[in-house]
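Next up: just one chain, as structure tokens, the form predicted alone.
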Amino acid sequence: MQHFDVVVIGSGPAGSAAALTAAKAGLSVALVDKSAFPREKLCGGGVTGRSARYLAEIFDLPTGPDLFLPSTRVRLTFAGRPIGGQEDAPRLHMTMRRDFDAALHARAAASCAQVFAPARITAIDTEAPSVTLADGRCLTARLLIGADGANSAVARALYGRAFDPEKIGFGLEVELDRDLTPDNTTEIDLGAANWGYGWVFPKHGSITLGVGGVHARNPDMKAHFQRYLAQHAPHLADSPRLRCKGAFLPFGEYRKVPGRGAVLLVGDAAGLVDPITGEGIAWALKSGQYAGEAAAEALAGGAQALPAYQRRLAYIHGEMRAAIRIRALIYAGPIRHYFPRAVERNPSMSHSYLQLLAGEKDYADLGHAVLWRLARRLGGSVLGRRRAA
């Protein structure tokens, strides 16, 4: 049996940020992951301006050319039809999650966190709290942080299951030859899936092409993926050698109380993924940092960590609520078919979307007036089409 102040389960961006922050505050930290690093991870790999700021703040990690490819050309499409974009869009930093996560994990390990990876967990006691590993070791702690993704074992131990798969998203993606986007153009196709989108993200040496959306509204996501792939690489659509990856994406179903007792949930395990853009790295990093800070505050002063963590999360939760309202506005019912036309006719809408995607603008920045204008604009489009019919 080994005792720590904090045990962190999962060493992706959220877990590495939590472990690093807690260790820097002088806490003893165990960092547990089922995989050795580097390891594969389904993700488009778009690092926004907001994420870049958090990387510098938490990890002192610059968005340099060794890990990142900058992209400032963005094309918006709907079912393959161009509807907007920018040649000088807010910068996105494209990265391979295999290398990116390994870099963050290495920094967390170097911060004096004791690493247990690869390590299979056989039991989680959320009351103690403690974690039992397959080799018989038992790690006890004063606080447990679950950073183990959409299918979080920590969340299952707390609630019986992590998320309802019908209410969250599901995505499929593949790595393709780099020559499909020689000019580093990022593509977002708002019609590639229902209540979701398709993406083409350029990387060093390859591109990531994928499709994702709310699982319940896309019963045949594979068909959406095949259509999107055929638009860009028809010669590969039926290739038996194509290595396609799939995973659930917890966007739009965040946990309003992210934990219980001495257990905190961060990143994907807490559902902190943008409900519109699907971007989760920024909130993973920040929630991990917040959990580490809350742990240090609680253990230093004898307070409870969960309320301290929730206070820090208030702004992120506000952003999630606003994004969920906007998503319902642009995707629900007949408006879905008129939204791309509104974007095509109004370049300012395209620019605002790209600012949100890049992390240069928050949903709170839009304000109620902008949302009301958007509703009127979309509603006018719907009424106009109905009168014409």
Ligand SMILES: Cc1cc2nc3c(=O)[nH]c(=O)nc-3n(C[C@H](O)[C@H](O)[C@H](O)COP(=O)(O)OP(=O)(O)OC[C@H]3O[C@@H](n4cnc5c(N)ncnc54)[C@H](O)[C@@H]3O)c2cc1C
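As the structure is a prediction and not an experimental result, all values here were calculated from the model. Numbering starts at 1 and follows the sequence shown.
Note that the form predicted together with this ligand isn't included here; everything after this is about it.
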Within 4.5 Å of this ligand in the predicted bound form, heavy atom basis, the matching stretch of 220 to 228, 294 to 302, 195 to 203, 157 to 165 is 195 to 203
Might Phe78 be said to contact this ligand in the predicted bound form, defining contact as any heavy atom within 4.5 Å?
no
**OP:** Check whether Arg327 has any heavy atom within 4.5 Å of a heavy atom of this ligand in the predicted bound form, and answer yes or no.
**Re:** no
(message) With the partner left out here, check for me: in the predicted bound form, does some heavy atom of Ile9 sit within 4.5 Å of this ligand?
(response) yes
Classify Gly171 as contacting or not contacting this ligand in the predicted bound form by the rule of any non-hydrogen atom within 4.5 angstroms, answering yes or no. yes
Note: exactly one of Arg336, Lys41, His351, Lys361 sits with a heavy atom within 4.5 Å of this ligand in the predicted bound form, namely Lys41
Picking from Leu139, Ala108, Val263, Val273, the single residue whose non-hydrogen atoms come within 4.5 angstroms of this ligand in the predicted bound form is Val273
Residues in 31 to 55 that come within 4.5 Å of this ligand in the predicted bound form by at least one heavy atom, in order, are Val32, Asp33, Lys34, Ser35, Phe37, Arg39, Lys41, Leu42, Cys43, Gly44, Gly45, Gly46
